[in-house]
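Take a look at this single chain in structure tokens; it is the form predicted alone.
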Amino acid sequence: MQARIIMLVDLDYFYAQCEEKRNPSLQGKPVVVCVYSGRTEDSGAVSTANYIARRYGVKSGIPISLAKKKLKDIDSVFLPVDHEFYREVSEKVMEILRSHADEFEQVGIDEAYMDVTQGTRGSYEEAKELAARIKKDVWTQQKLTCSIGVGPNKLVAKIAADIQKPDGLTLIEAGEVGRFLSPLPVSRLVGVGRKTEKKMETLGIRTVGDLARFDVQRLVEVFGRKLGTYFHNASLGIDDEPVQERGEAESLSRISTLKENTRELAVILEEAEKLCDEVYARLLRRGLSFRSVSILVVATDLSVYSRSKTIENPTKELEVFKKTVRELFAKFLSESDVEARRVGVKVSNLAKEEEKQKQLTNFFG
């Protein structure tokens, strides 16, 4: 079996970086993105902070009031989370990454694994060039930096991505895994939280190297068969888990802000049809057909409305998609007096082409 080359792409301080992208005047200042509880002006917690704010001790999970104390007399910016905007940016970045991957697995709004074995012909030199190209594409197209770890499996790629942040690129070839992992604290391994770390400390295990040398039977006694075996394998850099989509995508969508608030069907459709083209291009790339079409309208007061239609048979016809979108927007506007601020389109009930063929075979079989 050909040795694998896996990448983990991690978008740096994602929420705060999205805010810097949206408003470049924030760059150079501490930026803190918060989840406000609404009880008082400062009640709630920090969701994320950029690296400038982190230098002052501001980190995820601390109270907003404490973050403000740490940044007292500093020209800093506190913002509420905007999940919709971050999802929109994430979607665009993930499409860039998908276009470079043999196999792709998104594991969070700001993180994805890529199997690039075939595309790089198993060459770490080519993998390094590809990683640099990905970083350049993400920056050029979305003005975001990311950190990339490259290794022989997901476990090593994940740890490597955390080594140089922000805007890092760390490549660990198969023969370097032991040397790379050995001096790291055990807390670097996925699954080793504070409690587990303390338990390991009582066993004299502080580094991944200590864990690798520790008797596997004793690990199983202390942590159980499944965890004990996992810790042993992880300490040796062994991980056979494949990179794969977590279930086929349930839907594909795009949303955008109109140049001005409007109820004009022609203006809305002009934007919506562009979004249809973008979603359709992604459908084609992934060999998917659809049965359901939805539209989304965000009103001027930020209330959200959606309408959907499901057709009888799966299709991959662009004109069916656009015609359904036109009908749904026309019907929505005729039934409401809402003025649109943002509009979106979505396809769902997705199926791979081979699944359609199976359905036909079963029906006639």
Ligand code: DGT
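What you see is a predicted model, and the numbers here were worked out from it, not measured in a lab. One rule holds for the numbers: they count along the sequence shown, beginning at 1.
Another form exists, predicted in complex with the named molecule; not displayed. Remarks below refer to it.
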Exactly one residue in Arg87, Arg133, Lys165, Arg218 has a non-hydrogen atom within 4.5 Å of the named molecule in the predicted bound form; which is it?
Lys165
Contact assignment for the named molecule in the predicted bound form, among Ser43, Ser60, Ser308, Ser336, heavy atom within 4.5 Å:
Ser60
So if I measure heavy atom distances to the named molecule in the predicted bound form, which of the stretches 60-68, 293-301, 325-333, 311-319 falls within 4.5 Å?
60-68
Determine whether any heavy atom of Val347 comes within 4.5 Å of a heavy atom of the named molecule in the predicted bound form, and answer yes or no.
no
4.5 Å heavy atom contact, Val343 to the named molecule in the predicted bound form:
no
Spell out, yes or no, whether the shortest heavy atom distance between Glu20 and the named molecule in the predicted bound form is within 4.5 Å.
no
Report yes if any heavy atom of Lys29 sits within 4.5 Å of a heavy atom of the named molecule in the predicted bound form; otherwise report no.
no
Among Asp10, Val35 and Ser47, does every residue place a heavy atom within 4.5 Å of the named molecule in the predicted bound form?
yes
